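Quick heads-up: it's one chain on its own, the form predicted alone, in structure tokens.
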């Protein structure tokens, strides 16, 4: 399997994707941003489609759209009482834009499918390098703000007591989440990237007792999902995203049902 360059690149890229999504996902779940992560994945689809239309790499289109979208959606959700409705409207708009950009760019359905669901054979050496650099940037920024981010995500009273600027932390985290969506989309696709940002972290809530242990569990489960998914995809020639989804859902349900049984 590792005799093929594209499989080596896919495993290396997916490792950094899993680590990044696993870490950021813990805070996504803690801040109840799962629905927003789903919205950003749809904005990322529009960004990738725009990149195809503009003749640039899909990753950069995703980054531009998700970074601007994160700030826009975050500001919109603070200024309206119908938070979910406003985010749903934004999702619908960007899905429509994504379809439009693909249509006018003349791209075939196979390319559209790779944007939506990812493609392991589309990861080359340059793409891996870009993903690694972006992942390191996200992880470095997260580490730099980890203490105020922990308070703001898990202990609002403590954040106020420590005079933490929650608005500033919120903006930085939105940008981190946007970058994570763009990174994760390269393997699992823009449509299902929220799986890696939510399910491993949701499962980790039942397994970890501290924030650090939840992060370790989340990263470990994300790695299990992408590594096993890539291996099974190689053996069966079926979509990797299918296996990643099934594995993460199965682990979550197993842990959740075990947790219920122990009550």
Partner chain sequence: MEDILTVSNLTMHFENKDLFDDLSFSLPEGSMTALLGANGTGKTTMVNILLGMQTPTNGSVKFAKGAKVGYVPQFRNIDEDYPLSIRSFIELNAPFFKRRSKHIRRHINHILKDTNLTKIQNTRMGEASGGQKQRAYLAQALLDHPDIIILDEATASLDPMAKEELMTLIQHLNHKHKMTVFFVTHDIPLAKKYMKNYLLLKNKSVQFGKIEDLQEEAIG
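Residue numbers count along the first chain shown, from 1. Keep in mind that this is a model prediction, so the values were computed, not measured.
Omitted here: the form predicted together with the partner chain. The next part is about that form.
This chain lacks the partner; the member of 221, 37, 214, 46 within 4.5 angstroms of the partner chain in the model of the complex by a non-hydrogen atom is 214. Just one listed stretch, out of 64-72, 204-212, 224-232, 50-58, contacts the partner chain in the model of the complex at the 4.5 Å heavy atom level, and that stretch is 204-212. When contacts are judged by a 4.5 Å heavy atom cut-off, residue 167 does not count as touching the partner chain in the model of the complex. Looking at residue 96, you'd find every heavy atom of it more than 4.5 angstroms from the partner chain in the model of the complex.
Contact between residue 151 and the partner chain in the model of the complex is found at the 4.5 Å heavy atom cutoff.
In the model of the complex, the partner chain sits beyond 4.5 Å of every heavy atom of residue 141.
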